[in-house]
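Coming up is one lone chain in structure tokens, specifically the form predicted on its own.
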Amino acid sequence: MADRLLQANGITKVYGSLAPTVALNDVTVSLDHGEFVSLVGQSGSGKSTLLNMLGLLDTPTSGEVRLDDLKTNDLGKRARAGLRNRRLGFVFQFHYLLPEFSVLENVLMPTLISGDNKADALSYGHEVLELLGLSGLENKSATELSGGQKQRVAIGRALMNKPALVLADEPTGNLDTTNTDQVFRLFRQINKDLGTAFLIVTHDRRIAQQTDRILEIQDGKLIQDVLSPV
């Protein structure tokens, strides 16, 4: 399909050799541009392992992962990292902000590392902070923020390279219900306003049912891939 963004074909991941553990077992899944998808499953079901494969953070034991129809298995570490940095953004359960830097500096970090034009990066950084409702907090230390604000800064950092897809691993796992709902609304707003695709790993079925499509994994196998009832 012309709008296919990511395609995983029959991916299996086995850890260990003497006593091998099959973390993923022949999983095939695809994501299109602009999709808003959740991934659910019990602890230890393989959710994070699958996210690592799709995010090019790890390679499958067998099967292939294609991003923009490019077979990523054949790429070296540097090429995979470059593709990942250009096309993907990541949000985790823990924000991993750098406490010695300001809010704006934390958001700008991906572009500072990649050597992008500083003036352009600064301008876009301010746009991102405005989108996230963080205008006026640019010069605050990350340590001065609430939990919800810290996670919004982490989301801003993930957006700085204008990714086609954001992979979010339990992004609201450390937040209360109010902040969880705020983060989810931000994801949906970004999805609609910027056309960014999202794959959200969550244990919260209430959140999953508000996405457009739900993937469910169990014991390393994809057992459900359905449109959300909403």
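One rule holds for the numbers: they count along the sequence shown, beginning at 1. Just so it is clear, the structure is predicted and the values come from calculations on it, not from any experiment.
Separately, the form predicted together with a small molecule exists; it is not shown, and the next lines address it.
Novice: To verify the annotation, which of these, T196, S38, T172, T49, has a non-hydrogen atom within 4.5 Å of the small molecule in the predicted bound form?
Specialist: The residue in contact is T49.
Novice: What is the one choice in I11, I214, A23, L222 with a heavy atom within 4.5 Å of the small molecule in the predicted bound form?
Specialist: For this set of options, the contacting one is A23.
Novice: Exactly one stretch in 157 to 165, 39 to 47, 62 to 70, 186 to 194 has heavy atoms within 4.5 Å of the small molecule in the predicted bound form; which is it?
Specialist: One stretch meets the cut-off, namely 39 to 47.
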